[in-house]
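Following this are structure 1 and structure 2, which are two forms of one protein chain, each written alone as structure tokens.
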Structure 1
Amino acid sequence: MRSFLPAVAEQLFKDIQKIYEEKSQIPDDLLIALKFVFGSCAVQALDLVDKHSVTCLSSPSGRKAFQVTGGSGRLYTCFTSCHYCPCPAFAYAVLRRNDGLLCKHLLGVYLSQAMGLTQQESVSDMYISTLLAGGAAAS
């Protein structure tokens, strides 16, 4: 994703990627740093990653999008190149109050990418168009 994040967050994802590759777990000091930067979102996002809730959809045209399954089973479509999530937390905390960097879904995408736990799925061009436009494509 295009970097809208402060350098400390970027570095954190890099460190997580490196360590997770070696040890398949995130050490406590990195977990503390993650909570420090992202607040309560961090635990919820890790929970989403644990449940393999992040999928990268791609269509024959080459277009990609992330789909995150929320705790209630609702699907959130996020873009691969910039930050947007249709959830209320993104609208309220990130856009309106400007007091959060990411919602748990977007953080989940970053973590799942860093940890190599993103599911892959192929869909049709029209299916991905509908999702990107904010519609609920029939599956």
Structure 2
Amino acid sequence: MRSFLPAVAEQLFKDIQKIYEEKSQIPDDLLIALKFVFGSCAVQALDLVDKHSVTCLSSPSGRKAFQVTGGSGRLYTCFTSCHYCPCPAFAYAVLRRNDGLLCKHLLGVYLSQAMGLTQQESVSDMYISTLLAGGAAAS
């Protein structure tokens, strides 16, 4: 699923998942590793997870998209299947400058999944199709 990420990031998410399942918290050494691998957006992403800002939208056909409510209240629709977020930070820092692996929204998606804290919402296939087409779908 996370084939776009380096092995070190993949392993970090697996370690977080395992430890979080056991202790319901992330130990300092893994927090330091997150900061080292993902930079300053790690703290911002953890804040999004703490605020339950990540929702997984699932359709009957199995398609998934993630909606993340950013700090400003804006809703970003992220796709882990193609490693994409429409936010300006992703376009500039990740795609253009190659300064980071992820923006805080995508990192929030991966962390919320690893920690089992993703909100779940079932939506129609048409809703997901509209999101994939770049439109603002109505419920």
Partner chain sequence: MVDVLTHVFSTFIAKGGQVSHVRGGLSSPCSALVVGDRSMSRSVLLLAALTAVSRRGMKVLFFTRTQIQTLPPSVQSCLPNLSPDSLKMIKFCYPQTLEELLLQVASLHEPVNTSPTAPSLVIVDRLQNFLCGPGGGGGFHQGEQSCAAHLSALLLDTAAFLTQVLECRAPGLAPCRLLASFQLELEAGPADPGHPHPVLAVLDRYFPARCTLDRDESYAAAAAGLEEVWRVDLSGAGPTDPTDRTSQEWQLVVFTNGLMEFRSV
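Please note that residue numbering is based on structure 1, beginning with 1 at the start of its sequence. None of these values were measured; they are calculated from a predicted model. What we label the rigid core is the largest C-alpha set whose atoms superpose within 1.5 Å from one form to the other.
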note = Between structures 1 and 2, the form predicted alone is number 2
query = Does Gly73 move its CA by 2 angstroms or more between the two structures when the core is aligned?
reply = no
query = Core-aligned, is the CA shift for Ser59 between the two structures 2 angstroms or more?
reply = yes
query = Fitting the rigid core first, would the Cα of Ser129 be found 2 Å or more away between the two structures?
reply = yes
